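Given next, in C-alpha cells, is a single chain: the form predicted alone.
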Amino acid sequence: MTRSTLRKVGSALFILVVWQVLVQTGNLNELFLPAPLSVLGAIWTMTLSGKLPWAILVSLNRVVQGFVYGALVGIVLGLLAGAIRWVEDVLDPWVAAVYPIPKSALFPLFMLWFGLGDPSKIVTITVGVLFLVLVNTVTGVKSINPLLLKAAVDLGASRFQVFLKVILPGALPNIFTGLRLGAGMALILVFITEIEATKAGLGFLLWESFQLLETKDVFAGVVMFGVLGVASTWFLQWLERVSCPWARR
C-alpha cells in the first residue's frame, strides 16, 4: 500500500473510531447520530431479511435505465451539436432554458404525463443525465485542436473518418466527465423520485425509516447510496482508462 492510500484509510478509520467512542461514552445521542457499529448491524439485519437487497435492486433498475437512456441521447446530440453548427443553433435555446431547471421540479409534470410508476421516475433521471452529458460532450468536441481536423482532411480522410478517428477520441475524456457527473445526478434523482408515489426502492426505504425515527436504518440507506456512488465512479474511471489511455496524465 502506498503512503497516499495509508493516509486515506487512516483518516477514515480515525473519524469512525472517534465517532464510535463519542457515542459509547454518551457524548452523542444515538437517536440522532448512531454509532458506526450500530449502522453496520442495521445493514446486516436488513440484508439478511432481504429488505435492503430488494430496495437496492429496485433503485438500480431505475438508475441504470435512466442513466443509459440519458447518456446515449446526450452523447449523440452532443457530438452532433459540437460538429455541426446548425444542430448547435437548434439545441442551444433548449439547453439554455431547460438545463438550469431543477429536474426534481419536473417530476410532478412527468408523473402527470407518465403516471405514478417507474416511467415517470426513469424519465426524470434520463433528463437529469442527458443535459450533463450533452454539455460536457459539446465542450469536448469544441476543445479539439483545429489543426488535427485540418490535418485529417488534408490527408484525405472522409467526414465519417474525421468523426471516428479525430472528433470522437478527442471528446471522450469530456464525455466520461459528463458520465461521472450524470451517475451522481442519477442517484440524487432516484432518491427524490422514490420518496413520492412509490412503495419500493432505496429512497423509499430511507424516507420510511426517517418517518419511523429508525435512525440506524436511515444511516444504512445513506451508506448504501454512498457505496453505489463510489462503485459507479470507480467503474466509469476504469472504463475511461480502458477506452482512452492517451488521456492519462
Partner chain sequence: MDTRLLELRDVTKIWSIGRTGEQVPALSSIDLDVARGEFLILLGPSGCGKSTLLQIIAGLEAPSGGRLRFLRGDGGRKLTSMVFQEYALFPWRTVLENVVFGPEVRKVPRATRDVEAQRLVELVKLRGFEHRYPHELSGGMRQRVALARALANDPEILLFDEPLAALDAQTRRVLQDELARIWAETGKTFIYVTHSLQEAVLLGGRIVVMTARPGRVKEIIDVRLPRPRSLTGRQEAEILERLDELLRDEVKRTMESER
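Positions refer to the first chain, counted from 1. Remember, predicted model here, so these are calculated numbers, not experimental data.
There is another form of this protein, the form predicted together with its partner chain, and it is not shown here; the text below is about that form.
- The candidate spot formed by 109, 116 and 128 lies out of contact with its partner chain in the predicted complex, as no residue has a heavy atom within 4.5 Å of it.
- In the predicted complex, its partner chain sits beyond 4.5 Å of every heavy atom of residue 139.
- Taking the partner from elsewhere, residue 161 is found to have a heavy atom lying within 4.5 Å of its partner chain in the predicted complex.
- Within 4.5 Å of some heavy atom of its partner chain in the predicted complex lies at least one heavy atom of residue 154.
- With a 4.5 Å cutoff on heavy atoms, residue 166 counts as touching its partner chain in the predicted complex.
- Residues of just one listed stretch (96-104, 74-82, 128-136, 167-175) have heavy atoms within 4.5 Å of its partner chain in the predicted complex: 167-175.
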